[in-house]
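Coming up are structure 1 and structure 2: the same protein chain in two forms, each one given alone as structure tokens.
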Structure 1
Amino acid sequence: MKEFQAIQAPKGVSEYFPPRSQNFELVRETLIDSARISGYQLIELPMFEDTELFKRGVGESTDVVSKEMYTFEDRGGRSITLRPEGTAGVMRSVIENNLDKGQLPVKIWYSGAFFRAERPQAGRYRQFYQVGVEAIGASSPELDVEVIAIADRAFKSLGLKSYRLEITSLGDAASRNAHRKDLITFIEKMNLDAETAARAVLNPLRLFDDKREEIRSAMQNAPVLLDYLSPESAAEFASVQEILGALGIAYTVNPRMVRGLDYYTGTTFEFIHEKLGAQSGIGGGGRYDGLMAELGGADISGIGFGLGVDRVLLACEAEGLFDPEFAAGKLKVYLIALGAQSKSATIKLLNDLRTAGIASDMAYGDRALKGAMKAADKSGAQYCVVLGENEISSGKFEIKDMKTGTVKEVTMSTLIDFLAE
């Protein structure tokens, strides 16, 4: 008989299963809740898009487009790419569905899996998860800070402390043009390989983001964009800093910050966690004036972020924020039926509990009481109820607190109220 080797998940995929998936869900929902309470609404996007969307929207000089995209030809001969980031797809949808013709700014959030063909390592995956927000159709320092505050509030809600916010401004077109001229002059004096030189032609700012030590060292004396801000851009950036201070959101200015995508302008930011090593970024974003127009829409501004659920989870674990009992499960009560006659009543009670919104489960199969109690203990349920023929006929039974071992007598009619309290 032929033996088949077990199939494993593709390399570099972030995969979550119980009990750790409970913590993953908590992180994701906390990030989403911070957006919801700020007036942002869900947008659900395709997992794949026309490849041209990312070439135009993200930028061909980026590693994302030039090296990391999962691109393939479909049966119709079209070039399709699994989404490597969220903003370009959001812009496409806003334009296609005329969302920008209604009330502005359009405030939306999204969540899901994204894909990049990177070398897998801790915190860097080929399939990863993000929660993002976009505020489209208004340009103001107040909106910039609102977006930053959504992320900061979410991190604080999770209990994170060992992170910092770095901000900068990439200015307006006049600022960038003035800076680009001097930066190119500086770069031309560097001894670059052909590939790096080609990237510098497309976007010289990319060299600030180069990880090679020789490039990082050479760029230490390069002119920085903050020194070239127009009066308007400088005033906006000063306002952003003033509002952050008023809200009590600590930050540092990083004049050499370059996000990994080409569409950023104006206010740009990143959250760094000090306990995650090389892959320390847990989220970031910025303003992207001109992106809508580049993709064929109206020439309106926008700002957004993408928060890495995987990395925020790692940051929470690094700070020891999760209660082991929470990771074990969320069950309120576990039911055990003793004997065939009590199964029907137990199943009905289980359904009534679930209908009342009480997380509950039961021991299935014909387990003996000892084995069923072990299952109850492993389930992580807060309480356990054993239902035999006597309990069913009398309508009274004992409910056991699985943590303290204390027992209380309740009735069928009072059980739901007891658990709800």
Structure 2
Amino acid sequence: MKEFQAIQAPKGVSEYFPPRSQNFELVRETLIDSARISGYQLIELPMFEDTELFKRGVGESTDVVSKEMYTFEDRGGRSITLRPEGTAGVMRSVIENNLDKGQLPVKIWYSGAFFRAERPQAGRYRQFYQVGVEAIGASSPELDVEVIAIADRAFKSLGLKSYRLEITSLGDAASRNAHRKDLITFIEKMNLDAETAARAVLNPLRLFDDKREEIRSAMQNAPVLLDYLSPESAAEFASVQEILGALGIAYTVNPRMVRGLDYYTGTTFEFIHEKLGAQSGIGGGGRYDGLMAELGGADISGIGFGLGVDRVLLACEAEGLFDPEFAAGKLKVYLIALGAQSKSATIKLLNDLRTAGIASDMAYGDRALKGAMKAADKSGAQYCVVLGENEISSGKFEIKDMKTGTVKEVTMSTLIDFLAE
């Protein structure tokens, strides 16, 4: 007879708990800060949407929509999908709430969980976290670069080094159509296996990304989209590169870059980290000219990106960027009550410290002093105060610096000032 069956987390979900959650939080906040200081504001959206939104917005031919969505029927018989990416939902909300009727561009950021039913792998989860930005309603190379710079600045301020930025341009519709025609003609002569041929029909650009050497070398001579750009598109792309150069943001042009979502046009980019194995993309994005109109909004352009928080965290770990003390916690002071009589005064002091904004904690239960000191040590607190009857009655404490071991005498009235310094 079985007493219980332990319940496991669903397949492929990542969880962040202490101490690593501290690093996760740092990564996410750093990514968000970079957007905030560039004038972007929060948009908080539902995690599930009408399935139709993604079919129309992301594109039915994409892998994401055709085989990776968590779709279910709700109690009203509506088809609902857990969001697999962020941009479509943002566009929906912008249109629905008339955000595009005010001053443009609308600049917003978001952060949260996304869902794709793929086979899990390191850095690829079924529930994953992204920080994204969208700048909607203006089309200019400066804005393209601003968005790229937000990501680049965030990575740099985390201390990341082993990553590179790849950019390309998908041009306007006329450029893409001309190229597509020639590319298909080229591919039809390639004598592909059935599976690969089927993939080529869905999106011929995919073949540029194939990992097999024979396909790679065959594709060396395939026509690339950059050679088909209209004069306007080419000029825009040149301008993007010029501004990137002026800002000192290193990049390489990769004419064979492939993006997985149908809505991209014009400038597109990808950040790739070199120490992450197969799932090396830590962020990517691009311009989307037709998306707003496709979803029933005004015919205005936008640009945005999604950064993978899980992957950026892995990248930071691969580069050994985290200070162990940071992960340990951020307590300023740790209190130890000695004896039952001291407890209530200690609790009161702890509460006062917290109210004063000083991160503090105390030893719970009735641990021996030695055990309590150990707990103080492990908490990572900067200081420790032991409160016994003497301290409570005299109002004078010894505050100990846990790093140096030095002790200093303070009084009840000067303690908060001392710690708030």
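As the structure is a prediction and not an experimental result, all values here were calculated from the model. Take the two forms, superpose them, and find the largest set of C-alpha atoms that agree within 1.5 Å; that set is the rigid core. Numbering runs along the sequence of structure 1, starting at 1.
Only structure 2 is derived from the form predicted together with the RNA.
Relative to the rigid parts that move between structure 1 and structure 2, the hinge contains 176, whereas the other entries in 307, 176, 146, 125 stay over 12 positions from any hinge. Domain rotation between structure 1 and structure 2: smaller rigid part turned by 14 degrees relative to the larger, from C-alpha superpositions. In the core-superposed comparison between structure 1 and structure 2, the CA atom of residue 212 travels 5.8 Å.
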